[in-house]
Ligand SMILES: C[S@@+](CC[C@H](N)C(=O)[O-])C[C@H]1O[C@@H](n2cnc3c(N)ncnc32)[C@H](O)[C@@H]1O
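Here we start with a single chain on its own, the form predicted alone, put down as structure tokens.
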Amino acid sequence: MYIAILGRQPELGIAELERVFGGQAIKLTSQQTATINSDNFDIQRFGGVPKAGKVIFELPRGDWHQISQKVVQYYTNEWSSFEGKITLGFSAYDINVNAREVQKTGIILKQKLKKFGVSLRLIPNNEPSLNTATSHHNKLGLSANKIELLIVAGHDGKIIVAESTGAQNITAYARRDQERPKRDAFVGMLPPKLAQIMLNLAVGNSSEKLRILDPFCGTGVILQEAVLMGYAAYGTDLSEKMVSYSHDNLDWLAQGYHAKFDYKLSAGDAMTAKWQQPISAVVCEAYLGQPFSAPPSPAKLDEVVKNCNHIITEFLKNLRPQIEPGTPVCVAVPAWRDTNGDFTHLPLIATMAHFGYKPHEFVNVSQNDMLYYRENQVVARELLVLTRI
């Protein structure tokens, strides 16, 4: 069993995990953590899970002093004959403890191991949990002597102690996002993490050689994540310029990874295009309308909503006869947030069955949770996870 430390918007991480492992395999242990009933877990596949660990043991609920004693006792016995130097980090989640107390636990363990001749380097805690960057840069969880203990209080009153199996490779994410040769802020900057989430939401646990269609490919972010996950990618865009940008970015990615990726690109209007077969799944960020730095007037919002709703509706109508029944579709569509934090959604969402699509039913989250946004953003991305009827 594994435990996942979820990202800034934990519902998206839960949905992603559900689609890959099944809703019954995922159990929410707290607001920011969930267990995964699986024998394998590769964190680099998941955009919504910054850290994960293999569950080692559980403890009854207690205060940090009691938890600390048990953890120190267990790992003193476990590592008393360890050869080489240990680099160790502690991260506590959903436990009433400060960074100093967490650090003190590490110091006590270090002192006890010293008596056995075992050398331990302790990563300092500025917070009760180490941030993803600290875990990543110290390579915690990636080898036998670089260890991070994840100590999590669950809703059921138990304490889970897990050993990290690594953190997200934020260096690689930043490179794929910021160092691509062609970027265009006007068409939107889809984060690679979100592209990963969307691919997992569509594809689930399939291990087949799938071909992913992105009919609004833009600069190719979804396509790049698709090929890195081992899929064939097929991108089209209304703009020849965007098709060229995607081509340059995918070539750059292939050179950087010394790999030959399977992808095809062509120009095409998503409302009328005729796509080449086969299409195993459809993953895309649809037209989001114009960007706003502040909530628009009601009249302007109504205009933008109608325009986006028309384009995306026509796209979905055009797509349906070109894909087989059961084909999964994940589309990011716009939702607009007002000054009260409430959202205006596209009218088409309430009528998906009329277009021949069935929304996926999640076990632990609802469609209302499937919004990706930052605090200062007016236009959010709402993720529609659909199946062609």
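From 1 onward, residues are counted along the sequence shown. Because the structure is a prediction, the values reported are computed rather than measured.
What comes next is about the form predicted in complex with the ligand, which is not displayed.
Contact annotation for residue 120: none of its heavy atoms lies within 4.5 Å of the ligand in the predicted complex. The shortest heavy atom separation between residue 135 and the ligand in the predicted complex exceeds 4.5 Å. A residue is said to contact a partner when one of its heavy atoms sits within 4.5 Å of a partner heavy atom; residue 225 fails this definition for the ligand in the predicted complex, lying far away.
Under a 4.5 angstroms non-hydrogen atom cutoff, the ligand in the predicted complex has residue 239 among its neighbouring residues. Only one of 151-159, 84-92, 231-239, 109-117 lies within 4.5 Å of the ligand in the predicted complex by heavy atoms, and it is 231-239. Of the listed positions (311, 72, 254, 304), a single one reaches within 4.5 angstroms of the ligand by any non-hydrogen atom in the predicted complex, namely 311. In terms of contact with the ligand in the predicted complex, the residue from 142, 97, 170, 271 that brings a heavy atom within 4.5 Å is 271.
Along 204-219, a non-hydrogen atom within 4.5 Å of the ligand in the predicted complex is carried by 215, 216, 217, 218, 219, in order along the sequence.
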